[in-house]
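What follows is one chain in structure tokens, specifically the form predicted on its own.
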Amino acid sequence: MNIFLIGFMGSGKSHWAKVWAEKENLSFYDLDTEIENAFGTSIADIFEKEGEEKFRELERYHLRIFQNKKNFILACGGGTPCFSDNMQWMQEHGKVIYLKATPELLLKQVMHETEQRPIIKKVNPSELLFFIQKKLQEREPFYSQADIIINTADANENTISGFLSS
């Protein structure tokens, strides 16, 4: 079973991917961490020095490496399903699970991490909720194509067990 966990930044992808991977005896990976390890620098630095377009190319490349892996949960970056043909590719190579969260919850999760999160690094804090709402609205058509949608408020360590047996 290969699982691609998608959702907006701050939705808990890395947290739940770790929890569920351990519970289901799957390998855990984080796509951003894979990219950072390969380049020896942070995603924020890649965005700043190379730009978003270059980052998206790297993201696509590193996602495709998972074609040769089995039995994993991959926490994807918030924009991963929205670029190239990544969503289609993920669906062809596993199950895609969307962790859906309200803009207010996302704001609470990311408001103190703006320096580490390139797309909100330069957003005025007073406009951050509006920015999240707008960006979430842009990405929702991609996110909603997921095989399974889980509201983060309902997530627990057993949430995906039922989905894996079906």
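Computed from a prediction, not measured in an experiment: that's the story for all the values here. Numbers for residues come from their place in the sequence shown, where the first is 1.
Heads up, the form predicted together with a small molecule isn't pictured, but that's what we're talking about next.
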Legend entry - Residue contact check: residue 94 to the small molecule in the predicted bound form, 4.5 Å heavy atom: no
Inset, instruction - State yes or no: in the predicted bound form, is some non-hydrogen atom of residue 43 no more than 4.5 angstroms from a non-hydrogen atom of the small molecule? - result: yes
Legend entry - 4.5 angstroms heavy atom contact with the small molecule in the predicted bound form for residue 34: no
Inset, instruction - Indicate whether residue 76 is a 4.5 Å heavy atom neighbour of the small molecule in the predicted bound form. - result: yes
Legend entry - the small molecule in the predicted bound form: contacted by all of 60, 89 and 100, heavy atom 4.5 Å: no
Inset, instruction - Using a 4.5 Å heavy atom cut-off, indicate which stretch of 122-130, 100-108, 62-70, 43-51 touches the small molecule in the predicted bound form. - result: 43-51
Inset, instruction - Taking 4.5 Å between heavy atoms as the contact cutoff, choose which of 146, 155, 9, 19 touches the small molecule in the predicted bound form. - result: 9
